[in-house]
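As structure tokens, one chain now follows by itself in the form predicted alone.
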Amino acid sequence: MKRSTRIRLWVIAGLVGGLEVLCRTEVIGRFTMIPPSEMILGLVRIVRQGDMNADIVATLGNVAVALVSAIVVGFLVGALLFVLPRVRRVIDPLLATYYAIPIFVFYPLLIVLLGLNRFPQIAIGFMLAVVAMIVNTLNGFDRVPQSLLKTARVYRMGRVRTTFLVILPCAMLYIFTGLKLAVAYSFIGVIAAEFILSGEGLGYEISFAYNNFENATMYPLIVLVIGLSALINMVLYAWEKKYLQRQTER
């Protein structure tokens, strides 16, 4: 294990341990927060009872649809803008200011267009994630060395071979960044949308527990959301690291 990783783990353990002590000594009251150990035990209890399995599945399903859609559409749009520089010059200012717009203001409109169901929640997650994928795809393609593209032309490589053998390998690290951001934004969008108007999902259950002062339910569910998003990002990070190692060995 690397020294930097050990330091991170010790810092996290120290913060969690300090929070545990503050909660146990009632410096932080139980009305505000329960100890981290009780959060974990509460999460185990919730998973064992299975009462919220349907909500967990509903949220993960919505996140999966939003995430996959954002990845596919974001990559294709980014690639299209890369080969159409005139269109890109028009779109670039909109991409730069996109996150200055509060996406959730469109939620009432999405309900009118898509109905009072899961699709507005998926749309919010998609809208938050897709631009991160577009921007990072463009950044990756922009940083492909011109010397490699010239070499591909010298060897008379077609557009398809150049894309898969030159452009994508060079741009992949930026695309990985887009993937990791898309995961975070998809979770944020879907769960926050469930807060606003939904009868199921983790966002709804967290909001219901908060409104009813059920800290023993709210905090374990928050830990579950954090754990799921962290796990997915850890898998992507490991994949990215392995890919970088293979590229370095070549």
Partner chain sequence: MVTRSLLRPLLDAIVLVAVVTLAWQGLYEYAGDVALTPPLETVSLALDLLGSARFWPHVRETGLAVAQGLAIAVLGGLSIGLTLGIHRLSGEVAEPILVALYSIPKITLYPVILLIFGIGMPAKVAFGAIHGIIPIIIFSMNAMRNIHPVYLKTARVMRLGPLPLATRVLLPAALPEVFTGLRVGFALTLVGTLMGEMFGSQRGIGFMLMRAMGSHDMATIMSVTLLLVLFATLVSVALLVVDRRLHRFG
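Treat the numbers as computed from the prediction; the structure is a model and nothing was measured. Residue numbers count along the first chain shown, from 1.
FYI, the form predicted together with the partner chain isn't displayed, but the following is about it.
Of the candidates Val160, Val83, Val105, Leu76, Val105 is the one whose heavy atoms come within 4.5 Å of the partner chain in the predicted complex; the others do not. Candidate site formed by Ala58, Phe119 and Asn212: none of these residues places a non-hydrogen atom within 4.5 angstroms of the partner chain in the predicted complex. Interface residue remark: Val44 is not counted as part of the site for the partner chain in the predicted complex, having no heavy atom within 4.5 Å. Remark: Ser69 does not count among the residues lining the partner chain in the predicted complex, judged by a heavy atom distance of 4.5 Å or less. Residue contact check for Val27: none of its heavy atoms lie within 4.5 Å of the partner chain in the predicted complex. With a 4.5 Å cutoff on heavy atoms, Met127 does not count as touching the partner chain in the predicted complex; it lies far away.
Residues Phe31, Thr32 are the members of 14-32 with a non-hydrogen atom no more than 4.5 angstroms from the partner chain in the predicted complex.
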